[in-house]
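Take a look at this one chain, the form predicted on its own, written out in structure tokens.
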Amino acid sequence: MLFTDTINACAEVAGILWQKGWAERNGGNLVVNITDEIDDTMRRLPPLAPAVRLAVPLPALTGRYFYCKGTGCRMRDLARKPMDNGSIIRIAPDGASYEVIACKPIMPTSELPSHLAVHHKLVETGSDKKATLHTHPTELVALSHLPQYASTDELSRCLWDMIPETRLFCPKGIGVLPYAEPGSEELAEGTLRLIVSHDAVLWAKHGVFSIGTDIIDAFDTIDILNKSAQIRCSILVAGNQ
């Protein structure tokens, strides 16, 4: 398969997320645009399940292909068997629905609306970003419970102050989105609004969403931000403010 390296990278990241404790049970999801890695044989594959309508048409994604973690699937299982715990979807010619074409009739993550909304903007703007990742980094989620970090400016400033690499690799900071129901259009719209001007988006009391040129790049962003959050939490535990 042309996209073997991409799938292997997704499996690697899934394993790291599980080892870090950022992917409890079936938590977290990833979606990667693999359109440039699809050959004619894949394009001719019939759907494995009925087409699913999108809540909002995404015309820029017409005819594009994505590898997605399956809904209800565990990252630790995706790490071992990525094609048994993920699916490849194809966006319909009208941009208003998608169908699963490989490898099993596994429906994609319930957070697909947020991921596809961001991918639509990335394609529209000609971005080189191909991957979106959502996971539950413990310390960043912990900070989102504290009122003093409910502001995008305050949280970004705090994380930048913890370690120089954070400002270097995440110069746009992290956007903070108030709690929204998982899988909702509200969550999708808020994520789209913030991700265009930030390196990642913190879904308050839930997790973090990032983008990257590939899935490793998307993971690195969250990893760097959470290192700063770890340091901040250690300072708070030590009794300093």
Ligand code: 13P
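The shown structure was predicted, so the numbers you read here are calculated from the model rather than taken from an experiment. Just count from 1 along the sequence shown to find any residue number.
The same protein has a further form, the form predicted together with this ligand, not shown here; the description that follows concerns it.
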The single option of G190, G212, G70, G175 touching this ligand in the predicted bound form, heavy atom within 4.5 Å: G70
Non-hydrogen atom contact T62 with this ligand in the predicted bound form at 4.5 angstroms: no
Partner contact for T109 in the predicted bound form: this ligand, 4.5 angstroms, heavy atom: yes
Contact flag, R167 vs this ligand in the predicted bound form, heavy atom cut 4.5 Å: no
Exercise: G27 in contact with this ligand in the predicted bound form, heavy atom 4.5 Å: yes
Proximity to this ligand in the predicted bound form (heavy atom, within 4.5 Å), stretch among 71 to 79, 93 to 101, 137 to 145, 123 to 131: 71 to 79
